[in-house]
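The structure tokens that follow cover one protein chain in two forms, given apart as structure 1 and structure 2.
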Structure 1
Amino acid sequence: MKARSFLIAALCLLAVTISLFVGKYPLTLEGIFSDPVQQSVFLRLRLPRTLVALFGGFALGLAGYVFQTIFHNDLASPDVVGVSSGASVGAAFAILFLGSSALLITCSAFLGAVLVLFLTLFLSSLQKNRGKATIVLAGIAVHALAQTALTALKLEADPERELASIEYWLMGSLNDVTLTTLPSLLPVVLLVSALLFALYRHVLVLTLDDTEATLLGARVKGTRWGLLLLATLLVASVISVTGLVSFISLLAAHVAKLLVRRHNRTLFLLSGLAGGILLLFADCLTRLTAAELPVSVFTSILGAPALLVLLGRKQHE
């Protein structure tokens, strides 16, 4: 386990190093210390972008692990159960009616995500014989409703200003990340991640059946909702800054589970680190393209086949 953890840590360091130096404007280690132009590019653009990719990916990976663990379903990531779509609707609403304030977009994205989470859980509770696939099916239905609401918002947007902002935001990109972006993301990610680590034993208890967890003294419903709200806040805070980034939450937890089989704090941490690595490498790939394609293009290239493999495995089981 130590060797595998060391491997993830080494990959994370490698991804950070590559991200700091890859881009259209070449940087060198010597130039960063001696060339004022390279120093400016490094401090104002490259370093903030790398930090947002690292901590944003970490947050998405951590949230994905929490969702999968609480719902006892390997497919129950924020993307699949509709939470990311709800955050998208909330952010688009903020752009259209509340302005472009980062705080307002984050709050609106969080409220949209929570609303969708409530709706998904409500629909799944209507099924008498609830299986592990119920939450996924409910999420797919709510995702479709969220996309309809998003289309309605885009129809109301000004084509020259608001619509372009919404469309660009929905594609998911770190192109506009600067030093001013960090205060709206890092405090939330650090605080909520620390809370989730402190509450890890509660996450572990929810891996059990509800009856067993209740016998151990856990308040199952309250604990589940509290953890889900914290994970949802992580997703909303990242999406409000980067736009919609697909499949990181789904993939990161599975990468970690391939390395660590048991539910423990190491698996919790590795899920976050795997998310950071995936988003860092995806963002590096966007910088190598001529027009800097949206980062979701590359995360979807990885995530869509992985989702099909997981669905096939579940159907086989």
Structure 2
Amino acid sequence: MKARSFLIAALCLLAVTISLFVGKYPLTLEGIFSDPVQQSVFLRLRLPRTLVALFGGFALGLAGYVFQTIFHNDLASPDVVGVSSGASVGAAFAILFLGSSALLITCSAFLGAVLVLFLTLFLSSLQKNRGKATIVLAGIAVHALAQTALTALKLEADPERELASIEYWLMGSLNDVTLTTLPSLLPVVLLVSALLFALYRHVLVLTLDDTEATLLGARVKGTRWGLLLLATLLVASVISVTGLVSFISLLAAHVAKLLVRRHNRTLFLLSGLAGGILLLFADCLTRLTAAELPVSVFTSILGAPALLVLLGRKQHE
């Protein structure tokens, strides 16, 4: 297990190194220390972009693990509670009515994601049976509602300007990441990730059946809601900066489970690292294209076949 963990750590280091030196502006190690322009590109653009890809992917990987554990479903992702749709509505609203400022789009997307989560939890609390299935059903309803709102906003959008901005946001990209992006992402990711690690024992309890967990003295409903809230905050903080990034939260935990079979903190950490590596490599690939394609194009190209292989392998086992 240790060897496999080291392999992931080495791969992560490699991805970070490649990310620091792949881009449209040619950088050399010598130039970073001697040329002021290269120094500025490295510190203001390349390093922040690498950090956002690493920590953003890490956060998505952790959140994916939490969702799959809570819902006892290997295909569960933050979309289950409609968080991506909520963020999309928030971003589209800002693009249309708040003047397209990057900061306002980020804040509005974050608010949209959080509001949708609260709406989902509120709707599920109205039911007598407040189990996992109720949350999923409420999530589906809220997701549909948010998609309708998004369609209405798209219809209102000017096709040549606002609609293009909305569509581009929906495809996800790290093109706009600069030094000023970091304060809106890193503190939330670091704080919430640390909290999730500290609460890992509670995540572990939710791998059990609800009755078993209750017999062990766990407050299942409260724990589930609390963990969902934290995982959603992680996802919201990332996608409000990058736009929608597909597959990472779904795939990262599966990759980690290939290396570590038992649920423990190492598996949790590896899920995050796998997410970080996937997003770093996908973002490096976007930088090699002439018009810098959206990052979701590459996360899907990398993710879809990998997921099929993993599912096939699981079936075989």
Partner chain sequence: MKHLKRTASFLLALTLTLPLFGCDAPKGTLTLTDQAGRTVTIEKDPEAIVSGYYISTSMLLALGEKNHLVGIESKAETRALYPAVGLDLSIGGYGTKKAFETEKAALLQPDLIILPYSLKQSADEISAVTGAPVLVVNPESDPLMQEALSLLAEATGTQEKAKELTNYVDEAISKVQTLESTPSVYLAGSDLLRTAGSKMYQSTLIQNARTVNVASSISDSSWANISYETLLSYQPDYLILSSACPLSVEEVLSDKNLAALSAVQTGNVRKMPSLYEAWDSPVPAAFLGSLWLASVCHAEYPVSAFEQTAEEFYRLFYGI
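What we label the rigid core is the largest C-alpha set whose atoms superpose within 1.5 Å from one form to the other. Residue numbering: sequential along structure 1, first residue numbered 1. No experiment lies behind these values; they were computed from the predicted model shown.
- One of the two isolated chains is the form predicted alone, namely structure 1.
- The candidate at the hinge, the spot where one rigid part hands over to the other between structure 1 and structure 2, is Glu167 among Val41, Glu167, Phe33, Leu229.
- Rigid-part rotation between structure 1 and structure 2: 23° for the smaller part relative to the larger (C-alpha based, whole degrees).
- Core superposition places the C-alpha of Gly139 5.8 Å apart between structure 1 and structure 2.
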